[in-house]
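The chain that follows stands alone, in the form predicted on its own, written as C-alpha cells.
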Amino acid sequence: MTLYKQLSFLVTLLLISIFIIVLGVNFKNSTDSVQEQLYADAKNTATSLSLSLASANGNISMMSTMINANFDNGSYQNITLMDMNGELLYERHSEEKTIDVPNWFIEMIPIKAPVASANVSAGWNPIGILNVQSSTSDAYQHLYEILCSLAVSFSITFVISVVILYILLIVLLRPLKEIRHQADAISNNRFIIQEYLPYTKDFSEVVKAMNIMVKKVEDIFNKANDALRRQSELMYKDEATGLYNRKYLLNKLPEYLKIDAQIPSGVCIMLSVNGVQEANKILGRQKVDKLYEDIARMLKQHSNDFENSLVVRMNGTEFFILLPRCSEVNGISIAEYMSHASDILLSKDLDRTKTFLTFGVYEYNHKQTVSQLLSASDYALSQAKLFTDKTHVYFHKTESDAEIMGKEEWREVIDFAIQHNTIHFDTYKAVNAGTKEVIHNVLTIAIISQDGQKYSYGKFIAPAITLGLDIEIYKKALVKIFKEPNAELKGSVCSLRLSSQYLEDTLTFSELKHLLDKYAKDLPFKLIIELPDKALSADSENLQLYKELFELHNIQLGVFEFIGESEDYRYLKELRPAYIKAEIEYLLSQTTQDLSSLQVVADSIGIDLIATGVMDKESLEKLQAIRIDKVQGRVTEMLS
C-alpha cells in the first residue's frame, strides 16, 4: 500500500472518529436538554393548573373540566389528581401517538418523562396533589429530527473536510511521487535529475541525495562513453589519411558476408604503392605522405557512388576498397581508371618503372568467409604486381559454387511459404555460461515448401533478398508470432531479429502497429526485437516510431552486429536495449582498456554483453577470461 493510501486511510479514520465523537456529544446534550424540557413543561403545567384548580373550591366536576382543557391543549402522557389520602380523584391518560421515528431509535434512546407534582388547595384547605407527566412522543420526534439534522450537517462537513485533506495530501506528497518516479527510472536504468526541490525539508534532502547518485552514474557513463569514443577513433582510423584501418575492416566485413546481407556481392580492389623507398629518396617523406593523402581522396571519390562502400588503409603502402553491388566489368573499369589517374598523382620526378600503383580486383559474394575474401584479394594484388601490363590491374575470380536452385525455383518456394503461411520458427538459446541459465530463446525464421522440404533462414534469406521478398517473409513471421504463438514458449523470453530494410519500408510500421495493438497483450512470452547496431545508432525518425511502439507494448530492443563504430554511444542510454550482441572475434580483439570502457558503458545503464558465434569451449574460456559469460552459438549445446 502506498504512503498516500496509508495516510488517506488514517486521515479518513481520524475524521470519522472525530465526527462520531462530536456527533455523539451533541446528540447527548440534545437528549439531556429534551428531558429537562419535559420536566420543565410538566412542572409549569402542574403549577399553573393547580392554581386554576384551587378556584374550583374542591368541585371535582369543575376541576375535571379544567384538567381536560389543559390535557387536550397540551402534549401529556398522564395528568392525575389525588386527594390528600392518596385516593384518585380524576385522571387523564393518553396512548402514545404514532410518530415518524424508527423503532431502533426509540429502543436505543430511552426517554423517561419525569412526573411533576403540585399541591391543590382552596385557601388554607388542601384539596389534593396534582401529578403531570409530559408525553415522550414529541420528544422522540424532536430528537430524531435533531439527529437527522446533525447527521446531514456532519456528513457534508465530513465530505468537505476529506476533500480538502486529500487535496492537501496530494500537494504535500507530490514531491514523494516525483521521488518514486525517479527511483523507478533508476531501477529501469533511466537517469532523471529533478530540477525542482520540494519545500518539505525531508523530501528535499532525499531528492538532493538521489540527484547526486544519478549524476554520479551519468558521469560514469559519460566518461566511459568519451573514452570509448576516443578509443574507437584511435582504434579504427588511420591518422595520416583519415581512412579506416585493417582492424575496422576485419570487424566490418562479417556484416557484408552474412547470409542475410542486403547486398550479397560486389567487388574488392586492393591496391599497393610500389617503390616507396625510391619515392622517399627522390621526393622526401612529406611529399610521399601527401601522395598517400591524394590516393585516399581518389579512392573515396570513386567509392562514393556505391552504397555502403568501404575504403581502408591496410598498412603503410596498401589500401582496400569494397564496392557492394559493383559488377566485375565495372570493378575492372574503375581500377583501370584509377591506375590511369595515378600517373597524374605521381610526380614526374619519379621513375615509373620503380614507383607505380598496382590494383588487384576480386569479385566477392556473401557466401565467403573473411579470410577467403582477404586471401583472394591478396592473391589478386600479388598477381597485379607480377603483371607486366601498363594498367597494373589484375582481376581474380574464384569459381563460385553452382546454385542448387535457380531464382525462379526459389521464387516458387518462397511465394508458396508466403501464400500458404508455412512459416516456421527454429529456436536456439543464449546462455549465461557462468550460471548455466538460459537468457532467452532466439527465434529464427524457416520456411516449408510445397513438398514439405524445410529451408532454414541461412538457406532461403539470400534468395529472398535478391527477389525482394524478404520483407514479406518478416511480415508473415510477425503475424505468425502474435496470432499463433508457440505455447511451449509460455513464460519465457524470446528474441527475433529484424533487418534495417524492414524498418525502412514505408508500409511495415502501420501493419505492425495494428498487429501489436490487437495481439501484443495476449502474447504468452516476453519478446525482444533485435535490430542492427548501425540502424539503432543512426537514430532515424522511423526508428523513433518503432521505439515508441515497442515501449507501448512492453517489447524491449536488442542490439546485434555491434562493433563499436559509432561516434557517440548516448543512443544506448536513450534506447536502453536489453543487451548488446557482438561477434566473439570483435570482443577478443579489443584491448583491455577498450573492453573495460565498453563494459562500464553497458554496466552503468544495465545492458548485458552477449558474445555470438561462440562455437567451442576453448573460445568460451577466452571470453570468460575477459569477464564475458553470456554467449550464443554452438557452445550453448555443450553447457548442461
Partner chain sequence: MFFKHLLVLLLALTFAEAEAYVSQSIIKNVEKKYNKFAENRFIDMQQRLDALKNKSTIIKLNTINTFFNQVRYKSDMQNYKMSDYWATPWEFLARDAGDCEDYVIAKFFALKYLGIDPKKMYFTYVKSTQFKEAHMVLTYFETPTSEPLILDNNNRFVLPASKRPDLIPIYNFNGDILSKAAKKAHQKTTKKWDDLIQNTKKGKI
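Numbering follows the first chain given and starts at 1. A quick note: this is a predicted structure, and the numbers were derived from the prediction, not measured.
The discussion below concerns the form predicted in complex with the partner chain, not included here.
Task: Which of 62-70, 38-46, 577-585, 603-611 lines the interface with the partner chain in the predicted complex (heavy atom within 4.5 Å) - done: It is 38-46 that comes within 4.5 Å of the partner.
Just one of Pro485, Gly242, Gly434, Pro126 has a heavy atom within 4.5 angstroms of the partner chain in the predicted complex, so which one? Result of the distance check: Pro126.
- Query: Given that the partner chain is left out here, which of Leu283, Ile418, Val115, Leu150 has a heavy atom within 4.5 Å of it in the predicted complex?
  - Reply: So the residue touching the partner chain in the predicted complex, by this definition, is Val115.
Touches the partner chain in the predicted complex: Met84 (any heavy atom, 4.5 Å): Heavy-atom contact with the partner chain at 4.5 Å: present for Met84.
- Item | Leu51: touches the partner chain in the predicted complex, heavy atom cutoff 4.5 angstroms | Leu51: contacts the partner chain in the predicted complex.
Check your understanding: Quick one: is Ser121 in contact with the partner chain in the predicted complex, heavy atoms, 4.5 Å cut-off?
Key -> Taking the distances in the predicted complex, the answer for Ser121 is yes, it comes within 4.5 Å of the partner chain.
- Task: Determine whether any heavy atom of Ser309 comes within 4.5 Å of a heavy atom of the partner chain in the predicted complex, and answer yes or no.
- Result: The answer is no: Ser309 has no heavy atom within 4.5 Å of the partner chain.
Looking at the partner chain in the predicted complex, which residues in 511-542 have at least one heavy atom within 4.5 Å of it? Going through 511-542 in order - heavy atoms within 4.5 Å of the partner chain in the predicted complex - there are no hits.
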